[in-house]
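Shown next are two forms of a single protein chain, provided one at a time as structure tokens under the names structure 1 and structure 2.
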Structure 1
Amino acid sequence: MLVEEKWEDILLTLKNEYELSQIVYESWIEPLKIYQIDNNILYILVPPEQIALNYISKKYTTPLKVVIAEFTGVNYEIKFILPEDTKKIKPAKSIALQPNEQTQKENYDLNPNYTFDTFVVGNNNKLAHTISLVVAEEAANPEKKFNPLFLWGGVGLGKTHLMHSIAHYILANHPQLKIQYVNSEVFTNEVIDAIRTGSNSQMNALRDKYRNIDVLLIDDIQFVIGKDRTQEEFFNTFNVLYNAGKQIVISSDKPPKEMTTLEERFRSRFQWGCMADISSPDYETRMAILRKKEEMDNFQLDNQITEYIATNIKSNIRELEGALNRLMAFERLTNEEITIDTAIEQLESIINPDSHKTITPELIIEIVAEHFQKTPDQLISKSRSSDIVKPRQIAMYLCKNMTGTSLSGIGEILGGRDHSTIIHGIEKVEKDIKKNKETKKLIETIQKKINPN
């Protein structure tokens, strides 16, 4: 698992980010070993003294949890244990993903929190959920009436959650099947790379990757439409898999009939199987989603605050969860109790997006983080992970171009980075915009989120 493979790097990052001395690191941190991972609980062995257990647990639980989340994207519950405690811990349940774990690692990253168990079912998504579960259960012998399965709905309503749920279920219950989950942006980049090299072997490897499988899940298909070579590759891949009786699952922001630039050959194929839409959740479902997230994050708000969020954020599950994340972050950073007045103040820009708002570096960092499904803390952190560096540099670029903040001021807000680091990040984005149309579109999209007017 990723956390085990990266354990040494995780500990060194903890040392560097929290500026631990070498003696502290060698005494308390370096001896820590992973004993067992059971579901979302990470058991860590400490040196065999009770004082070490008490000290490390009190001082390093939160910092370690933060660093592990940066590396893995998973919020593990951490339990420090002594060697004698291992006798009391039941062996981890066999993880159903293990038979096919290598396939998962090679092919894609799934969000461990996106499963059928964590998906809140309401009137807005009941049909899509039911059909998705049927497709996952029958993946070994797909029914024609459900192939392809075309899921559609607006941004942040749960399409990706269902796609990941299907993939997790198949990996757990049909380990013999070879599956591929991919976002259409990744698929497009892979096609572009294969074309750019001019290598037949690379193109053949790409085709082998997507055509010699049992289940293909492709997210946000609308981004493939209009890209001639990419959609041609997808069209041929679709035909190969469909004719071989393999399951195909597609998601989009709208149904095929509303895709004005969609060629008829695509439209007809997308409609061969089953289409299921996901609409905006009703009040009861919104409340259920918030309470589910509170339970998963071990965070509890006064019911009045939860009702305030559910009443005022109606169209987007991602915004619902984002509101809760903001309040959790505020409480953690300030150690202040969240009151209804605090919630109203902190959620003003989400609940009243049309009200006048000043564009500040803090606002830009928050929106960039949300766009890339990261947290502001991750962008400000010292992490050098590529999936953090890119949005961080975009935040630098936008802060320079959308605010009057000085370069040194931007660096200070972004974790105390120096002047030269900010210049490098801005220049990197400027070069990418000139070379890559997709980067230009990405920047324009985020700018519209920051300033819709």
Structure 2
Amino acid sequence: MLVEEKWEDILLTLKNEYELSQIVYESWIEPLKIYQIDNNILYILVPPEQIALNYISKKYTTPLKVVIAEFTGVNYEIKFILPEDTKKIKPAKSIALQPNEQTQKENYDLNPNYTFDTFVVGNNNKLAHTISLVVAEEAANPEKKFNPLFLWGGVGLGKTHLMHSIAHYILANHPQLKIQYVNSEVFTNEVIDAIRTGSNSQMNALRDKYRNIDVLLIDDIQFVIGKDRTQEEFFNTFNVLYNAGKQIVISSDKPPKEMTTLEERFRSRFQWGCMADISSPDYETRMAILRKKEEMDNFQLDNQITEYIATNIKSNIRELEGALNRLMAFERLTNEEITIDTAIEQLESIINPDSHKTITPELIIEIVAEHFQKTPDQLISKSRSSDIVKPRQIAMYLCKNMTGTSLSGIGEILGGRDHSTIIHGIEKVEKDIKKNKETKKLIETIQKKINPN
């Protein structure tokens, strides 16, 4: 996921997770803009005073990193800059704030972390990895037997990672070669666009873009299949490049012979070169991937926890990483070392997605209301009568202890109450539980209703 696309959500999440007040948010956080991304460095423009910069970088660097990692899985180094600093930064390959200058952006629309260095080789992907490396190395004079290279395998098993690795390798080692990496969904949209405008020059520009190159990498070809015009456009491009001896790399979630709607002439063409599949990683490979990622993120989990993840998440590497990202974000948020119990709890929804309903504040309010024969609306209402205040406070207490919702989040859901009201309510229940066995029992009963497991 691109950090630029998610920027607004990232900032809002930062606000919620760290319970920033509206004024803090508006003064410091909302104005932050991505200036540039250069490999793993994220340059962020701050409002133009040195004091603001010092303050923001002291207070918000870590929180921002955590939230960005949660959204993107990438651990960016963050550099806050002032407008006058921008002159000192050498332009990266992609400049987020200046779309006009994104010349050949498509070429470089690559995840900086998807390189051969970070790709863990296991039994499941050995062949695909070796051939990809050869293809990258020999890109100037492709070997016929590896052209086209057709990579196939299930979702989240590393096809895109390998394709980006090939692209990075060529950019670094054969800078004279013109390459084009594209997801076939993007390609489809480009074709549709050119057709829709009916402009010859646009169609010509598109053809030029994909035919006047040395290496074409087209990801997730399955999106093109069955879309007549796009498919036709792609195969014409394919032929032009192939006949000119240019390297083509294709990925798909299925082997050509299973692409039943694919015309025979195309199917056989894909099989001219080389097909390499990526299958699900075995346990050792899953462990190695987790370890590699821990090392890259400078994050260390207890062995038992890593083993727990590798044992329980088997078929999708993206989920494997998702589990690790979740724990990493949790540790950085709470500043507590993760134990196996917290890990099991935190990963419940990934590892046992169907075991029970996710516990949300809404669910809690509903069950508490029902238990006291009230309606959720009454709990949320302004009423201060004691038969409503008590269940409301219990709901506050349970929301805090059974969900990850922030205090202000709880306040919002419970009828827009402020932070201090929520704290007061929770403390009241905590005291009651200590003083009074009945209350303790009551809370346990409601808790069981909410979470029977």
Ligand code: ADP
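In this text, the rigid core denotes the largest set of C-alpha atoms whose superposition between the two forms falls within 1.5 Å. Start at 1 and count along the sequence of structure 1; that gives the residue numbers used here. On a predicted model such as this, the values are computed, not experimentally measured, just so you know.
Student: I want to make sure I have the labels right. Is the form predicted alone structure 1, or is it structure 2?
Tutor: Of the two forms shown, it is structure 1 that corresponds to the form predicted alone, while structure 2 does not.
Student: Quick one: core overlaid, is residue 210 moving 2 Å or more at the Cα between structures 1 and 2?
Tutor: No; residue 210 is a residue whose C-alpha shifts by less than 2 Å between structures 1 and 2 when the cores are overlaid.
Student: Given a superposition on the rigid core, I'd like a yes or no on whether residue 82 shifts its C-alpha by 2 Å or more between structures 1 and 2.
Tutor: Yes, the C-alpha moves 2 Å or more.
Student: Residue 251: after superposing the rigid core, is there a C-alpha shift of 2 Å or more between structures 1 and 2?
Tutor: No, because once the rigid core is superposed, the C-alpha of residue 251 moves less than 2 Å between structures 1 and 2.
Student: What is the Cα shift of residue 38 between structures 1 and 2 once the core is superposed, in angstrom?
Tutor: A shift of 9.7 Å.
Student: After lining up the core, report the Cα displacement of residue 59 between structures 1 and 2 in Å, one decimal place.
Tutor: Looking at the C-alpha of residue 59 between structures 1 and 2, the offset is 3.5 Å.
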